[in-house]
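Just the one chain here, the form predicted alone, laid out as structure tokens.
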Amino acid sequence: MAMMDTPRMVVGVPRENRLGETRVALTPTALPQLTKAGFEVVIEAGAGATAGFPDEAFIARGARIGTRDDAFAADVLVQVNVMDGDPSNPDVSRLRAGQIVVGAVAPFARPALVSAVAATGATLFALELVPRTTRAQSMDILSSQAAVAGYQAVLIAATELPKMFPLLTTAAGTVAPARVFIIGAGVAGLGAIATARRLGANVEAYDVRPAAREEVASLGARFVELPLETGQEEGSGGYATDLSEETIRKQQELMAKTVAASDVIITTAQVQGSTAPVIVTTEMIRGMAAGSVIIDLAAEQGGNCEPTVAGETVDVDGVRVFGVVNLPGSVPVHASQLFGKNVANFVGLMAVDGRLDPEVDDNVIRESVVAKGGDVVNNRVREALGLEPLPEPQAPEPVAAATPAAEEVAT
């Protein structure tokens, strides 16, 4: 029997202060998973209000409501945006050696933030680096939030387009369906395809990965075939990788006709750790009919469209290009529920025999850590900071007579 005076591990959830952020890192539905694993959860008062979760909802699921200091005093601090994405955030000084910080970091875009957290001695996990494996799907915030963004992008387009999406046959005549072109058939793109199809649009989609063809077709969209050698059979860890400038130029030329014929374009192409590829040029946009709409989901990475400005709407000869940011934050209830479940699954990996173990032998934990022991430990972030790379860990010795049970399986 466990000793009654054994201190419980504490998870702290502070209120998000980043401009425009409405989500919360944990929701009441995720709490039982953590409390059963031996955690106590402390929520800063009002942390879930903008996401539709009052303090009483957290209390009813076993959480304690406290101050911001209470949340930051926890063993594990979880945030949607770690330190609001700002290395000069005063909250950085609240961190301490041995504390664990978990959330969205954008480590390759914000290496200074990783360095600032590392200087406190805290251990920082960037959930964007959770490997894209079957086992880790339940912890993949990029996928869960992209699904929300893809859905919401179509709704914005349908509202802004001066046409209706579905085919309508009426006594006054027939209305042709809107033509929607989705560029990028990852999680966000597939979500956009499914939503546009449900609204009745004629949907086409393109992805540099040939393997995406079947997924696009399964949702009832037509896959746009471009005779290009992209070398993207799978990409790295489920992500697309950079194309050469020559390949991108040819891609633009071949895609121009499809772009010109579209009423709505939704671009979702992003490359992990790099700026987004510019796929749709201003000249291509000028070929579209006035009133057409483009939703650029890669705006925060620089945009897939040449005129995109993050957070703004740009008019190009009557075609509006929306540089949308934080679309999941516009649907905070479900976006937070999904994010919170990802977080609870991830933190639960570190609960071992009633104690907190950030060194647990688990590849999801190993690949997600970017700072620990007072140092930046991810070599790609170190490179961005001008630091010498750390030695890569040696592969473990092969185990003789391995059994199928020892292999990684879906959970």
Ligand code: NAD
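Everything numeric in this text was worked out from a predicted model, so none of it was measured. Just count from 1 along the sequence shown to find any residue number.
Although it is not shown, the form predicted in complex with this ligand is what the next lines describe.
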Inset, instruction - Kindly indicate whether 21, 83 and 101 are, all three, within 4.5 angstroms of this ligand in the model of the complex, using heavy atoms. - result: no
Inset, instruction - Go through 123, 308, 145, 195 and name the one with a heavy atom inside 4.5 Å of this ligand in the model of the complex. - result: 145
Inset, instruction - Have a look at 216, 321, 149, 288 for me and say which one sits with a heavy atom within 4.5 Å of this ligand in the model of the complex. - result: 149
Legend entry - this ligand contact in the model of the complex: residue 337, any heavy atom under 4.5 Å: no
Inset, instruction - Tell me, yes or no, whether residue 73 is in contact with this ligand in the model of the complex, where a contact means a heavy atom of each within 4.5 Å. - result: no
Inset, instruction - Look up in the model of the complex whether residue 165 has a non-hydrogen atom within 4.5 angstroms of this ligand, and give yes or no. - result: no
Inset, instruction - Using the partner position in the model of the complex, report whether residue 132 sits within 4.5 Å of this ligand, counting heavy atoms only. - result: yes
Legend entry - Stretch in contact in the model of the complex with this ligand, which is absent here, among 309-317, 107-115, 83-91, 180-188 (heavy atoms within 4.5 Å): 180-188
Inset, instruction - Could you list which residues of 314-339 come within 4.5 Å of this ligand in the model of the complex, counting heavy atoms only? - result: 324, 325, 326, 327, 328
